[in-house]
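Take a look at this one chain, the form predicted on its own, written out in structure tokens.
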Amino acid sequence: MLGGAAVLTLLVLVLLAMAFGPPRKVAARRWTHGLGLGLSLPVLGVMLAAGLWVGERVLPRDDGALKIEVHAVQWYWEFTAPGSDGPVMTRDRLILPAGEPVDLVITSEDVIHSFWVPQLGGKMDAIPGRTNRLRLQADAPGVLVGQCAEFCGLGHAVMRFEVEVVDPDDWEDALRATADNGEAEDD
């Protein structure tokens, strides 16, 4: 992408330099077909091919990262994490291990929502009928706040959730404690 942008920038700078030089007679067809299409299409084609090739290699990864399902519903969030005794579901409370990459698999029940944890920089839309994936990593234990960043109806303002980042050794215990406190939802 950088190389393609550099070629196009260089072309524009050359054309700008030519504009300040002596006047020349050039046919409009030569400008349109020669430079407009003849140069742009190959450069953009190479950039598209590179983007598709790189994009294919990035999503999804199977590198052993923890996978947590995130499901948006008007007006709450459900998080399903793998536990040693089976999946653990929590409502409006996401528990992450510190210092480890986590893949969030994001879906929506009803309308478009947007999963956002500002302190982690992760934002991804939750779209009905579509599965989106977001990789986050929280570096230090603590409590963060997440929210829906897409207006999703009258209850949008209360569609917040808590992100508890714990030591990786305590992650399983934190999941069990949340389930034991009745914060897990059984549907």
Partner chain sequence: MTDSTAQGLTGTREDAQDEPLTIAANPPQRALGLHRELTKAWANDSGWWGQVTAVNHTTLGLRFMGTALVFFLIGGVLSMLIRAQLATHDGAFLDTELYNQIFTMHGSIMMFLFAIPMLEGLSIYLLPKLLGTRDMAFPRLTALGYWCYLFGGLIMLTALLFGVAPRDGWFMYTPLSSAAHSPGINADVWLLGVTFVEISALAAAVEITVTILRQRAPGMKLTEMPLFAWYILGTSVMMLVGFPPLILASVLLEIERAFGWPFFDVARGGDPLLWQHLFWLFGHPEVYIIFLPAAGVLSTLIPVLCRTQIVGYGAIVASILALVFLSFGLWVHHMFTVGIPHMALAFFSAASLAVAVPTVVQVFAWIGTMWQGRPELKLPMYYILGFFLTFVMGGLTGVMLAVVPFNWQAHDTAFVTAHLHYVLIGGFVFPMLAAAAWWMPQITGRERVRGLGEAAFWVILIGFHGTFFIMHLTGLLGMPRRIDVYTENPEWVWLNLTSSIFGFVMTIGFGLFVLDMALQAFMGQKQRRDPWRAPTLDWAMPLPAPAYTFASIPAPRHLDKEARDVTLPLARGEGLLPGAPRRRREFLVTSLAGARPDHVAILPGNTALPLAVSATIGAFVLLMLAGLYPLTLLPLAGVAALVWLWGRGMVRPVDEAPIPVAPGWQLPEQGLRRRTLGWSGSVCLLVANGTLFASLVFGVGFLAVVAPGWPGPEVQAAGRAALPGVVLAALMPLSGALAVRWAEAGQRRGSAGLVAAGLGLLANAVALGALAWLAAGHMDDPTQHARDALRGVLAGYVALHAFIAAGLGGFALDQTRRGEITPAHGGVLPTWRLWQDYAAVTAPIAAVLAVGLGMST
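Just so you know, these numbers come straight off a predicted model, no measurement behind them. Residue numbers count along the first chain shown, from 1.
One more form of this protein, predicted together with its partner chain, exists but is not displayed; see below.
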**Message:** Contact with its partner chain in the predicted bound form for residue 129, defined as at least one heavy atom pair within 4.5 Å: yes or no?
**Reply:** yes
**Asked** With the partner left out of view, is residue 64 within 4.5 angstroms of its partner chain in the predicted bound form by any non-hydrogen atom?
**Response** no
**Item:** Contact test in the predicted bound form: residue 105 vs its partner chain, heavy atoms, 4.5 Å
**Value:** no
**Message:** Please tell me whether any heavy atom belonging to residue 74 falls inside 4.5 Å of a heavy atom of its partner chain, as the geometry stands in the predicted bound form.
**Reply:** yes
**Asked** Given that the CA-CA distance for residue 130 and residue 49 shifts by 3 Å or more in the predicted bound form, does it become closer or farther?
**Response** farther
